[in-house]
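Before any questions on binding or motion, here is one chain by itself as structure tokens, the form predicted alone.
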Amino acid sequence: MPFAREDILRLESLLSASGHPCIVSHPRPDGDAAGSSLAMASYLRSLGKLAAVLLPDALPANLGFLEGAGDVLVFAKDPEGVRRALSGCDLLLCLDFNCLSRLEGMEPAVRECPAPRVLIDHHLNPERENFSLVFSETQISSASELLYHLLKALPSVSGDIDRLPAGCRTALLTGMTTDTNNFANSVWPTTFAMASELIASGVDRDFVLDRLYHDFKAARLRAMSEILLNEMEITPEGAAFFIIREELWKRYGLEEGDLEGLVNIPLSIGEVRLSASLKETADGPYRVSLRSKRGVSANRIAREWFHGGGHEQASGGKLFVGEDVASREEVPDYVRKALSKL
């Protein structure tokens, strides 16, 4: 993958000069946020850097196998610890988000950090003015894949991925696997090449898949069954949607990440071209996830109806009670209207 030589040399220079780099990613971190962040930390630590990973929220339990997962500083649990890390930071690496507002409650602390910021991301419309150096590529599977190609391009690596630590390589494969839904979407020729090279280097893909997809609680399957049976609605236009009620979330004792992948399941129905998941929260907006089949723009629906955006076939957003709808009772009708615009 071609990068401007001056950008690669500048990145190498920033990494070399840094002693206390910090790595940040978006709230409710998914496999790509975790994989890219922990991969970068693993690489920097192999160079002797005191790298810290700072996340707004805790990692899902099924990503705990990644090297360094237990060392992540979580703003929701320890905001002062995150602020202390940022106060000593001399390089800020921002992965898998396109603008600082995506950091939500952690945004002010990151904005106050005077260190140069490097953005490595694959989403549309990066906020270039807030970063010292930007690597943005949308025609790619994931931030993890983009980081993989960037690390290979560094003069200190020179294309030899055996120079990357084993934990770094495993995290990169993990991030790419989750963001492609295990090669089901957003896959490019470079994605397969990356997977092949990482497996050839010794990454145990079977182990990664086992930990990602075969290590959940029974409550996950029971909750999914109840949601699909009692909450899923299919519209005449070929869209499916369901609401994950706060009551159900608490009743099953679910944690962030436990229902990862649920929004993809309705797309297995032939007539369904777009699937929408809305997670109800007690004191905040509904969190919306959208997935679509080729030819249907999840990104457009997210932008026009849910204050969001993302990729053409995988996007997200929010729905605000009191702004978009007057009450929770009006949410289903609002969603039906939005999805009628396929």
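Numbers follow the displayed sequence, beginning with 1. No experiment lies behind these values; they were computed from the predicted model shown.
FYI, the form predicted in complex with a small molecule isn't displayed, but the following is about it.
> Is there any non-hydrogen atom of residue 318 lying within 4.5 Å of the small molecule in the predicted complex?
Close contact exists here: in the predicted complex, residue 318 approaches the small molecule to within 4.5 Å, heavy atoms only.
> Residue 102 near the small molecule in the predicted complex, any heavy atom under 4.5 Å?
Because a heavy atom of residue 102 falls inside 4.5 Å of the small molecule in the predicted complex, the answer is yes.
> Consider residue 274 of the chain shown here, and say whether it contacts the small molecule in the predicted complex, taking contact as heavy atoms within 4.5 Å.
Output for residue 274 is no: heavy atoms all beyond 4.5 Å of the small molecule.
> Residue 289 near the small molecule in the predicted complex, any heavy atom under 4.5 Å?
Flag for residue 289 set to yes.
> Which residue among 169, 220, 123, 117 has a heavy atom within 4.5 angstroms of the small molecule in the predicted complex?
If I apply the 4.5 Å criterion carefully, the residue I get is 123.
> Looking at 310, 68, 285, 60, which is the one with a non-hydrogen atom within 4.5 Å of the small molecule in the predicted complex?
So the residue touching the small molecule in the predicted complex, by this definition, is 310.
> Heavy atoms, 4.5 Å, the small molecule in the predicted complex: which of 47 to 55, 302 to 310, 60 to 68, 34 to 42 makes the cut? Say which one.
Going by heavy atoms within 4.5 Å, the stretch is 302 to 310.
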